[in-house]
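First comes one chain, alone, set out as structure tokens in the form predicted alone.
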Amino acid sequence: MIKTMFGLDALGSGQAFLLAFLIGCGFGFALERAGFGSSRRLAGIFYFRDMAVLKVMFSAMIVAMIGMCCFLSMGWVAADQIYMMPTIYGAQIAGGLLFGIGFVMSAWCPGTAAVGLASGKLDALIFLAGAGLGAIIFNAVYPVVKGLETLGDAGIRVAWQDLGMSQGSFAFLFTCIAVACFWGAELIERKVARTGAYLGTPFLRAFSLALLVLAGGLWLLPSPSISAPGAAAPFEQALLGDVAAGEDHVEPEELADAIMQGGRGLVVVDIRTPGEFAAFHIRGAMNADITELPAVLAPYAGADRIVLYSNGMTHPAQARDSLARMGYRNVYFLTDGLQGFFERCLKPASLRGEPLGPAEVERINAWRAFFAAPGTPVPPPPATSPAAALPPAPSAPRTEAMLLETSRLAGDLARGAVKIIDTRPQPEYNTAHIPGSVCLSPESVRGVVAGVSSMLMPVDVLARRAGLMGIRPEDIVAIVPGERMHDATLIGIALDRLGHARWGILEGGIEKWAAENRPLTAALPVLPETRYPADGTADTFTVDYRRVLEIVNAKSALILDVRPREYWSGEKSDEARAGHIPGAVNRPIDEDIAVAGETPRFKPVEELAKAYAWIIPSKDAPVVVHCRTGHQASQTVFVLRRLLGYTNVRWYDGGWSEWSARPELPVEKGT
């Protein structure tokens, strides 16, 4: 079937412009050959001396009408691919009068004036200039005259069946009128101008007979029906009835339950692109291009239900209606699309704004467990995130590299453009380290703050530590991890508190460096002391227990507990109380690490992105990360902010050690 530019909603595309340009060139050539490059000849119709305008226009209309009727009858063009001119009596009469007055005064219309200009006619140029000026004036006075555009709007688009006629009857009648006009025009020219060269000639007889035969032949073809707004066909009325009764869609919760119960007689079809389908799809769904649905669904015509879904509802709803017209009475679309499925079925209970009972929480957890089974892709984040009680956090300061390659560090080291911090234990550092590096225990950046132990030191203390290591704000800092990646990330989060942007972690650590036979030494470095400025405004990511409590009460952010699962659940405890912060979701830090040799490494970024997309609704969703004392949580903060680009991540430094020790704070146990 031919898809028109109108039907594809592509009238503003470059392809449509090119096609219109080529058609316009052909139309202009035909008009020029018909003599429409002369205003004298065009004006002849008003004096009945030259009827070329009437004859050419009727010829064009008859040929276009017969051709379009054939295309409609043969099914080459669908009725909905044709623009039906609305009937607006007042506006069309007013516009016709204005057009007629302009034609009488100038003998040009816009199309023929363009032809005349191509032929070098000065009066055609003047007409077109006037038409352009008129358009500018119309634009200026439009607020005054805009009522004309709907004056006499009848709200209908008239087709042949509205006149009580078949397509063939209408086309034949209109062709008879045109043939009569051809003969009448020749007769008028003969009487008035003594011309009428075709009157009674074999050509005019043959031409007239050919048109009548072609128009009459339409009686032999099926007569399609063109429905106008307000005059819906019975089947269309049935579709509207389905919509009114809610029998055209399936709710996300209903679909999730049906799939979990085995989905007998249920076919779920994802009509997104293959790439989107591969990134995530509802478990058990098949992927199909929307244009191939009739062929894909043919084997499932007897299914109880076929459910279509995409990211939203527009395309599935349109496809559902189209399939219904083809005879499928078992097709539905998913309410709110994939985003709705995520929000209503897969969003963690802790992020729901409404209060939930135990049964509802259990149902949500069952959905999440089922649709996140091993091997099942994870869902993409929804377009929107929950409202945050916290203001959006600024993005993490970007380093030149989040994970530094050994080759990059070697180049920076050779240029003297890097400061290196080795987080391994002192004996290992003393045995062999990268030249110029200093040994810094992560415990040296922590201490007692406001009565809470193991807290990251205040910015003035950290600035003094950085100055003692010879670090300046403009330096690149490479952190060498040891057996625990979170030792390196804790040093990194201390640099973030200082506002130091240019830092990264050495990928593979000293183990990879040594395996590549790069230089090592046991010599202690000579580093001149610097004065590192203490910027107290850089840390916008740390939150205290009061802010976390506000979040718990408002359910305004995701709380991510990265301790081992048995400590989160309360099965084990090494603090004042067992359990977790109410609503907290658990993902232990070990799940981010793929151990290779003695030095841990992060899992591939793509794998981490899928894992966290399942937990966190979107890249800008508010998240609070904590562990027992903030040490391990620094690793997850690094992953989220620096490797995955999450923009609204907070770090609860006090962690479970502080929370459990404050008896006024609520605690949950179990899963």
Partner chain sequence: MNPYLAGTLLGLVLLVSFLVLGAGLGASGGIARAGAYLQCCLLPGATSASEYFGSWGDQPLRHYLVFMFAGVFTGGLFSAVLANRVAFKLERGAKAPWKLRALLALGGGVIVGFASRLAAGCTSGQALTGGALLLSGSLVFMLCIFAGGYGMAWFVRRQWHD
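Positions refer to the first chain, counted from 1. Predicted model only: the values in this text are computed from it and were never measured.
FYI, the form predicted together with the partner chain isn't displayed, but the following is about it.
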query = Has each of Leu266, Phe280 and Ile559 got a heavy atom lying within 4.5 angstroms of the partner chain in the model of the complex?
reply = no
ask   = If contact means any heavy atom within 4.5 Å, which of 481-489, 424-432, 95-103, 441-449 contacts the partner chain in the model of the complex?
value = 95-103
query = Within 4.5 Å of the partner chain in the model of the complex, heavy atoms considered, which of Phe127, Phe342, Tyr332, Phe541?
reply = Phe127
ask   = Between the options Phe182, Phe371, Tyr532, Tyr545, which residue brings a heavy atom to within 4.5 Å of the partner chain in the model of the complex?
value = Phe182
key: Tyr198: touches the partner chain in the model of the complex, heavy atom cutoff 4.5 angstroms   = yes
message = Using a 4.5 angstroms cut-off on non-hydrogen atoms, would Phe27 count as touching the partner chain in the model of the complex?
response = yes
request  = Indicate whether Arg464 is a 4.5 Å heavy atom neighbour of the partner chain in the model of the complex.
outcome  = no
is_contact(Phe170, the partner chain) in the model of the complex, heavy atom dist at most 4.5 Å = yes
inquiry  = Just to make sure I understand: among 110-128, which residues lie within 4.5 Å of the partner chain in the model of the complex, judging by heavy atoms?
reply    = Pro110, Gly111, Ala114, Val115, Leu117, Ala118, Ser119, Gly120, Lys121, Leu122, Asp123, Ile126, Phe127, Leu128
